[in-house]
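Below you'll find only one chain, the form predicted on its own, shown as structure tokens.
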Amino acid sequence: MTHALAIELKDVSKKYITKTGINYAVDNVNLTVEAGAFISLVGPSGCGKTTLLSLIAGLFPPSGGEIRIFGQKVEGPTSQVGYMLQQDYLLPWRNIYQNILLGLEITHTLNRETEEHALYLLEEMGLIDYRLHYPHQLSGGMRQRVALVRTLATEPDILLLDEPFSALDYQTKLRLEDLVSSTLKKHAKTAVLVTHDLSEAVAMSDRVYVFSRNPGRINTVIEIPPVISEKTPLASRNIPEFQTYFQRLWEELDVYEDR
């Protein structure tokens, strides 16, 4: 890709008409994400973080403003963007091998080469020996790894992550953070993470956007220094500066909790 920016949002808003009037989920959002960068969106519940991911994914249009992916205006879903959710949504009647090929089948890109790539990713995630198992036979962390393989198998340039680790126990969550972070860096993917976990935001990101509530607007942007961002998420938590940036995020969000 020759375009330096993977994602551009300019004056983006999304409004909903309800019985009580017009409500804005997000309003006047401007942000850019460089190709290969990892950013996080944090903020109080209901501030429009997930709405923003859906807008970037092209699942519905903004009410105002413009969104571009690698310079092209977003007018609907595109294969350049993959979306990973809190739930893995693996199909219970399909084994793991069949599940990881689902996106390729839907996009009509399943062939010997793409199938081999999907199996390579499964092996990279340490799950190749489980390819004939069914979802109910796997732990929650293993299922999320399968969901990541299914998403990466279609070779998106951008990954949208909507609290993908929040349902996992803490130890599994930390391991998966490291695995996802290293995998995305290895494959030079751009990522946008929505999370309520402030330590996760600091540990995984190059930059964190703090949103205000009602309507959601960017209130603060915090750059995470390389001394933290270049480490694995687990190792970064042991860096002395880590607590400083965690505290900054905590104080930014504490303002909204008092309102």
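Source: prediction; values computed, not measured. Quick note: we count residues from 1 along the sequence shown, nothing fancier.
Another form exists, predicted together with adenosine-5'-diphosphate (ADP); not displayed. Remarks below refer to it.
**Student:** With the partner left out here, check for me: in the predicted complex, does some heavy atom of residue 9 sit within 4.5 Å of adenosine-5'-diphosphate (ADP)?
**Tutor:** Output for residue 9 is no: heavy atoms all beyond 4.5 Å of adenosine-5'-diphosphate (ADP).
**Student:** Might residue 190 be said to contact adenosine-5'-diphosphate (ADP) in the predicted complex, defining contact as any heavy atom within 4.5 Å?
**Tutor:** Flag for residue 190 set to no.
**Student:** Please check if residue 45 has a heavy atom lying within 4.5 Å of any heavy atom of adenosine-5'-diphosphate (ADP) in the predicted complex.
**Tutor:** Yes, residue 45 sits close enough to adenosine-5'-diphosphate (ADP) in the predicted complex that at least one of its heavy atoms falls within 4.5 Å.
**Student:** Just checking whether residue 50 would be counted as a contact of adenosine-5'-diphosphate (ADP) in the predicted complex - the rule being heavy atoms within 4.5 angstroms.
**Tutor:** The answer is yes: residue 50 has a heavy atom within 4.5 Å of adenosine-5'-diphosphate (ADP).
**Student:** Work out which of the listed stretches, 198-206, 218-226, 22-30, 63-71, brings a heavy atom within 4.5 angstroms of adenosine-5'-diphosphate (ADP) in the predicted complex.
**Tutor:** Heavy atoms within 4.5 Å of adenosine-5'-diphosphate (ADP) in the predicted complex occur in 22-30.
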